[in-house]
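In the form predicted alone, a lone chain appears below as structure tokens.
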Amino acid sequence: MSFKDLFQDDYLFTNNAHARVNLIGEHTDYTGGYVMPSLLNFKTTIQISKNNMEEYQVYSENFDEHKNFTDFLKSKNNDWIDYVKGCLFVFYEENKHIPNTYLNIFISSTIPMGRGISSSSALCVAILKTLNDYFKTDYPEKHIAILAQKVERNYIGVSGGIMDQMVSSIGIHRKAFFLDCLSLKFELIDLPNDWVFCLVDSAVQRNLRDSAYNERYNQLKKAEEYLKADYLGSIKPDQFDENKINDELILKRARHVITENARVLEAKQSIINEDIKLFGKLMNESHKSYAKDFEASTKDVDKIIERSILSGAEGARLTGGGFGGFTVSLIHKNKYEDWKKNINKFYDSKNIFEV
């Protein structure tokens, strides 16, 4: 079904935003640390026009659902429409001079949902970019990302950082997006041509609201209290006094984030130096920390990591918020065909995606 089929009108503005894979740096963003994601080909596209119905009309191609509303009250059942309402609410709060304008909104997406590659952030960024075009508010891409984070944190209620929104708004394909999440300074770094990153879908559905994501957020904030630090991202591994934390669980969570930040900085340099062995080693260390200290992996995911490395990957790790979703593997171009042949013995090719 097209926009015109549904609304008997042509859309006036369209924009899109892509999903991301986080190459390394998990749960370091909201603790003021470093991350290094990259864009994927999957994207969400928004088309809008004005309507005269005195209500918002929204259609999601993925859900094949048409929803109408006149207010921005959040639903009681965590519906997909909440992300649309949240974007409109945040946008109008930012622009109190703009009168409430009823719109037709058509959403289409190729992003697999609930897999840890940021389908929700891509949706918010795409909507806000399209509203930015429609209302000619001239927001830069960084501000679009900040507004999108407000939607997820203040309206939806997920205690995430700024990484997903920043890379979805600003990122470029085949470049690593190195981000200092405290200052929001970023660098776009070319990925070496002979490196291949591949995703394998664990087929374990995850939901940030239902997962332990917010619980982990609170644990890390507790660690900052123990260490009397504004952000864990400010603490280097050699400055980390484990004796200050007398709770073993909080200690493990803090250890993951503090060592992960150091890995991201080292990984950035290894890309610049085209040192694939070092980057792979850091990915493996990252997954071990994510699984053992942060307890965000599953047996199915750990099995994918093991099989990927045995199949020829230099490194592999769970990517995204954790508790299922995709793994990302790094393979040298010369080994890629053998890796793919081996991994296909265990997983269907439709569940394997090249970055």
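Note that this is a predicted model, so its numbers are computed, not measured. We number the residues from 1 along the sequence you see.
Unshown form predicted in complex with ligand GLA; subsequent notes refer to it.
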Legend entry - Contact flag, Ile162 vs ligand GLA in the model of the complex, heavy atom cut 4.5 Å: yes
Legend entry - Partner proximity in the model of the complex: Tyr30 to ligand GLA, non-hydrogen atom cutoff 4.5 Å: yes
Inset, instruction - Verify the contact flag for Tyr213: yes if a non-hydrogen atom of it lies within 4.5 Å of a non-hydrogen atom of ligand GLA in the model of the complex, no if not. - result: yes
Inset, instruction - Spell out, yes or no, whether the shortest heavy atom distance between Gly320 and ligand GLA in the model of the complex is within 4.5 Å. - result: yes
Inset, instruction - Name the stretch, out of 298-306, 22-30, 41-49, 66-74, where some heavy atom lies within 4.5 Å of ligand GLA in the model of the complex. - result: 22-30
